[in-house]
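In the block that follows, a single chain appears as structure tokens, in the form predicted on its own.
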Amino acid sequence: MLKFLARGTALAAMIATSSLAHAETLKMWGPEQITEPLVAQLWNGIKADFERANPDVTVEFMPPTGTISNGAVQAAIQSDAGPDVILTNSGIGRISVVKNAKQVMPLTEQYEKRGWKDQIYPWLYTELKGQFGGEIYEVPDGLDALGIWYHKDIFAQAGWKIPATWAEFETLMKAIEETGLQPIAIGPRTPGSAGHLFGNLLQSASGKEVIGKALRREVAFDDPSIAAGAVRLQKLVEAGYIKKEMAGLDLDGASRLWFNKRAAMFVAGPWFTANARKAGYDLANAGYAPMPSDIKGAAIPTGGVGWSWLVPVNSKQPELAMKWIDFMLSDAVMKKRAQDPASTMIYPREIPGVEPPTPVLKDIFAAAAGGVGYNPSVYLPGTVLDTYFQVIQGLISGQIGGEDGMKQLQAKMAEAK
């Protein structure tokens, strides 16, 4: 009997040891708003689904302390307790920082091996292949689509609508300003907010193709064909349609102006639904439209890759990280996220049959269905971004003109590698 018990105990120990040997923990950085109950509910459900499909795996969320822009992602990678897989805001400017520091793995081989190339829009795969000589370091999780948000009730009561042409848009802003409302709110102390409006103005004035050439250095930023958008911003400030005092606002301050209906319009992406929820704003009253343009085809949202998956070079579970990305790209997970009330973005491929959780997201999905233009904030080299945002701040505060601002930007581009 004693021998039987001893053999049983030994067997149990062997099973436990074997189980521990196969147990794996995947440390995941993000998502950014995991502390919000609605977001946490969605992601905890995804985590549970993954763990059910992989019984020996535990997923451990690491709430992010920041982004690549403020160095938090780099610091996390450098620590020995860093994540195995990272979800962070991206774009070539930010990815260049961690790629040049050799902190993230090239993933091009995985695109072929795991079929990721067929799980994102073809134009998106082409765009990624063209960024670093054919090597890809990110897997897009979400795209941005930046356009004009407006209050449906205010516009309906005044008989206003977002027009088709720039001249009509200036007339609309004049009519709004005469009622005492701020036509457009902007918070340029937050770089993203500054870039969202400015990128829209550049594309409206020059068109997507020309902005793309400037970002590829085929046209100088101080060329009149590009500087026109900066001159437009200068004129909007001079006309009082954008108040110089807004130079002191950040994203939160400018958002409050809009949520409290002291401003008629705001330029933002689908992620603004999360800000609206936190502010208690009725999303059924939010309208969305691309920035008007006199150029055929230019009235589309600006945007680009907003969020991406990265795998650190020192990931302790690189194969498991790839498995997690496989899971996130699956139809089931992508559809679950797109229809969840916490959804705040456009996904990297078309998802047939999806019903967005809010009317404004449905409008954004429809506006972006034919593709998006370029938001320079995520395409410019990292070393140029500070100058880009400072130029926008200078234009809004009335300290520089549009042409001079773009000369400063071009000078910085010439220095950048």
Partner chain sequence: MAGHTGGLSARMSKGRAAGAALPEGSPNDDARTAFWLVAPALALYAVFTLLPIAATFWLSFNSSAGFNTSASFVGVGNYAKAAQDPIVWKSLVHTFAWLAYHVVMAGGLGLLLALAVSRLRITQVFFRTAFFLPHLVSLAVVGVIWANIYDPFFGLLNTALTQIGLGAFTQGWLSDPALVLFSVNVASSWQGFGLYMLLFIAGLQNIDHSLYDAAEVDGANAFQKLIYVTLPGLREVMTFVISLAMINGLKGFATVFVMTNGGPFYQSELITTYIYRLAFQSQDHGLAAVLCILLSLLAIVITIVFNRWRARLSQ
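None of these values were measured; they are calculated from a predicted model. Residue numbers count along the first chain shown, from 1. Here the rigid core means the biggest group of C-alpha atoms that line up within 1.5 Å when the two forms are laid on top of each other.
One more form of this protein, predicted together with its partner chain, exists but is not displayed; see below.
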| its partner chain in the predicted bound form: contacting segment from 271 to 279, 320 to 328, 252 to 260, 106 to 114, heavy atom within 4.5 Å | 252 to 260
| message | Counting only non-hydrogen atoms and a 4.5 Å threshold, tell me whether 244, 314 and 393 all contact its partner chain in the predicted bound form. | response | yes
| Considering its partner chain in the predicted bound form, which of 119, 182, 234, 204 comes within 4.5 Å of it through any heavy atom? | 182
| request: Using heavy atoms only and a 4.5 Å cut-off, determine which of 189, 213, 152, 335 is in contact with its partner chain in the predicted bound form. | output: 189
| message | Although the partner isn't part of this model, could you tell me whether residue 350 comes within 4.5 Å of its partner chain in the predicted bound form, counting any heavy atom of the residue? | response | no
| said: Taking any heavy atom pair closer than or equal to 4.5 Å as contact, tell me whether residue 100 reaches its partner chain in the predicted bound form. | reply: yes
| So in the predicted bound form, does any heavy atom of residue 78 sit within 4.5 Å of its partner chain? | yes
| task | Check whether residue 71 has any heavy atom within 4.5 Å of a heavy atom of its partner chain in the predicted bound form, and answer yes or no. | result | yes
| Members of 394 to 414 lying within 4.5 angstroms of its partner chain, judged by heavy atom, in the predicted bound form | 394, 397, 399, 400, 408
| field | C-alpha of residue 189 moved at least 2 Å between this form and the one not shown on rigid core | value | no
| request: Verify the C-alpha shift of residue 70 between this form and the one not shown: is it 2 Å or more after superposing the core? | output: yes
